[in-house]
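Presented below, as structure tokens, is a lone chain in the form predicted on its own.
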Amino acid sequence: MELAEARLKFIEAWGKLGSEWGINRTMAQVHALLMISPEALTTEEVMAELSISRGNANMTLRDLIDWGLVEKQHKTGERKEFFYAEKDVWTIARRVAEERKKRELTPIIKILDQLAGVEGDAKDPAYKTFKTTVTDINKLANNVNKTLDTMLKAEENWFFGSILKVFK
């Protein structure tokens, strides 16, 4: 397989993976393109490589910057903005985990904490089922939260070493 074909295949696969994880397919494809590009790219280069509109490219690049996965760079003598993606996969994984935690896990834990205080008749099957379900989901969400906190604070070698011990 030639490099050009491999690049396209990687961009497509990363886009598919992103959409399966609930991330916009184009956002994942732009991220993939920038990750495998040795130099920062302009909006126009992103548009041309992926055949996307300027509006889509601008919105996607802004979202990637908000996620902390891409940074905007300026080059001396150039009027155009350049975009560069972090290449370290551990840093990328941590940033994605931080962002997903902030956007998804933290809000649901807040709601579950509120719901855990629901009052009702302990003999009512509907109340018991609701209370048990919310409590169990809350425990799981808090355990996931603690695990994520550990991962986010950990160094790469320690974290993966700990994971491997679990599977031995």
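The first residue of the shown sequence is 1; numbering continues from there. Keep in mind that this is a model prediction, so the values were computed, not measured.
Same protein, other form: the form predicted in complex with the DNA, not shown, and the subject of what follows.
For the chain shown here without its partner, which stretch in 131-139, 58-66, 31-39, 103-111 has non-hydrogen atoms within 4.5 angstroms of the DNA in the predicted complex? Looking at the other structure, the answer is 58-66.
Can you check whether N143 is within 4.5 Å of the DNA in the predicted complex, heavy atom basis? No, N143 sits far enough from the DNA in the predicted complex that none of its heavy atoms falls within 4.5 Å.
Hey, in the predicted complex, is V46 touching the DNA, heavy atoms inside 4.5 Å? No, V46 sits far enough from the DNA in the predicted complex that none of its heavy atoms falls within 4.5 Å.
Is there any non-hydrogen atom of R54 lying within 4.5 Å of the DNA in the predicted complex? Yes, R54 lies within 4.5 Å of the DNA in the predicted complex.
Would E71 count as touching the DNA in the predicted complex under a 4.5 Å heavy atom rule? Flag for E71 set to no.
Could you run down 60-90 and flag each residue that has a heavy atom within 4.5 Å of the DNA in the predicted complex? Result: R62, K72, R79, K80, E81.
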